[in-house]
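Okay, so we've got a single protein chain in two different forms coming up as structure tokens, structure 1 first and structure 2 after it.
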Structure 1
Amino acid sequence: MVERRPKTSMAGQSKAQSGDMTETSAQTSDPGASPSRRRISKIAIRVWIVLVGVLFLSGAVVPLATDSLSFWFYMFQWIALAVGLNLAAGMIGYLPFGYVAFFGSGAYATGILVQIYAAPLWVGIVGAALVGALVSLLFAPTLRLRGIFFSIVSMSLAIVMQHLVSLLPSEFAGGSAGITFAREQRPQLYYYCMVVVAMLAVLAMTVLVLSRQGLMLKAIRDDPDVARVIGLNVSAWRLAAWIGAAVIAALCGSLEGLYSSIIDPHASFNILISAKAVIYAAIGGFGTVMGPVLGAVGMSVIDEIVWSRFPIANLFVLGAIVAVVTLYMPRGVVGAMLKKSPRFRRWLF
């Protein structure tokens, strides 16, 4: 009977199958999740911090060196928005297509406080953050929806906000004409504030992902039931990430309003702002720290180049990039590299 035994033993087969299972779990969960966390090299983290440092330092000297302040302002804004959106989409698995609701709330909070009630600037900005947090609490019940249901309701809420804001009495919120800041223009100050917001967002995300808390968020995203069983307070963590994402967007809205010195329902609640944040983060790779930052920087540059020459083509190109990336790199650039070679797991996160 011995010769009837085939070469492949059962043990070999089961080993190969379990190998396949790790592969599939790597597909559903994020490559930075628990088993690979320890494998991220210390050097990679340092290199990343240095790179981020260089980015923000060059941001700091830009106003002295060039006259394209606007480009840099918006680049940092998109970094902050993409990172903030990733906090919701990549970390807890909710894709808020109405992310702009927080952006617009922040803009309006600052506008009303600073312009209508003549509050000091810092009150306007802090107020924006608080209003953002408040609105996110108001929308928190929608977190019980999943998948595209959540995305669609989120988008509807953003449009409801847009309509409601334009219905507010015009002596309070400017009506459909919006609010124009009459105070003196200080673009450099707002610019530096934006750099700080973006930097804090990126650093917070980096620390979060490399810490135990990031692991918890990922566990919650990948399998809420298991997370609950091992004793994680799923809804509290989820809510914390949700509020964090909202505050980042509200601060961006506040600063953008100040920077452009005009706020109106159409511009401040433009759904394209949500869409761009989603797209930039998705192109870089949801659930990674580096992806949204790289996506926002890269796309801002492309946007600047295409926009300045072909304004209509810009939207078309943006659309085409989104379509192609979702088809060929569904996990974004960083996600695709992580999937391609495990080597990158030590270097990308």
Structure 2
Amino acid sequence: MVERRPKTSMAGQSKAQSGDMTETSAQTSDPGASPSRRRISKIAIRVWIVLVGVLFLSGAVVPLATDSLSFWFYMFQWIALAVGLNLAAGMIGYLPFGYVAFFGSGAYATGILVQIYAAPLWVGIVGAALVGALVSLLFAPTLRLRGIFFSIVSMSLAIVMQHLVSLLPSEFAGGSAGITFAREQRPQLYYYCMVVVAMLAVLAMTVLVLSRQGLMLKAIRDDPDVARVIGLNVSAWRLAAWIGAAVIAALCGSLEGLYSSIIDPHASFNILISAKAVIYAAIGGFGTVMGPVLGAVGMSVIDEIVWSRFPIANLFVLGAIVAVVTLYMPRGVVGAMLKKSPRFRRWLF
């Protein structure tokens, strides 16, 4: 016997095809919202926000509960710097070894405005953010380079800026001796300002990664030519992320200068600042929200423990830890977990 199959009318087939096309177009019409909602659990997002809130609330009560204000200040500084560097390296694919140029620019902007010209404190901090954005625009032509060439040029520009600042007249920028803040020091105020900067950086990165704009930036990072074909303004998006990363670093430099009360070319433009920001973000995982935060917090704690117990071998031990993590987890802790088990994508982002 021959099995008879029910006939399907052309109208029914057309309707089904139309429905499929409608569903496909609905999935692709909003590339920023639907993929993130499908991949990432809403519970995971809420848990992450709660954890971030607990971290920063803990930071808010630190001055009342402990004397180790300096450790917490620099931990939040490294969180902000790692997140800012991740915006450039993880979202648009540029690894700036000269990231410290923005840090130092912000520090000197605040020093000149507050100490030399006696401007209010808030003017010095806002001025640092503006100077960081201006310096990023001056460095913007380097975005035409890619890979190691960009990294080398950015580091070279940071070294050039260090020497230029040291050659400025002493009555304007302190010369090679730098600037010392003579005003009354308020370390707790600068600490809370750093907490706010780090919190805003983390929240902004969270919103960005979960939005359409975050997918656009990652598309530009992965294949800029294809991104141009689908209509994305690659240059504009790169520049926006670049300026955002620079402003975060400039604010950190401004607050660190106020907190330490001394700004000098060697400390403010120390390449080690760029190196530690890169290491902390890389250990956690570039291109993720959680990675740089976890990397900065974890390495800050490890650095403090190693320094207190092995002061002489501090750099050796830290270097060994970084080498082992990089060797066995080249994508960072979060990246390694995502690679090992794809189901973690609903919880880690």
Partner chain sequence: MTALLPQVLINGLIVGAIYGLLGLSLTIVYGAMRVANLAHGDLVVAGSFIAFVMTTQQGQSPMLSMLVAFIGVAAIGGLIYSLALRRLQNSPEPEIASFLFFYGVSLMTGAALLFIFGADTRSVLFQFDPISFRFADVIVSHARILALAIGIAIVAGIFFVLYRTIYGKALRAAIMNREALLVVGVNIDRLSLVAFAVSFGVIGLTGVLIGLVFPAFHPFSGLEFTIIAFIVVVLGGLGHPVGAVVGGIIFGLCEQVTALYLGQSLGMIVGFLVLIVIILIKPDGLFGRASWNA
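What you are looking at is a predicted structure, and each value in this text was computed from that prediction instead of being measured. What we label the rigid core is the largest C-alpha set whose atoms superpose within 1.5 Å from one form to the other. By convention here, residues take numbers in order along the sequence of structure 1, the first being 1.
- Of the two forms shown, structure 2 is the one predicted on its own.
- With the core superposed, residue 56 shows a C-alpha displacement below 2 Å between structures 1 and 2.
- The two forms, fitted on the rigid core, differ between structures 1 and 2 by less than 2 Å at the CA of residue 46.
- Core-aligned CA deviation for residue 65 between structures 1 and 2: less than 2 Å.
- Taking the core as reference, the C-alpha deviation of residue 308 between structures 1 and 2 is 2.3 Å.
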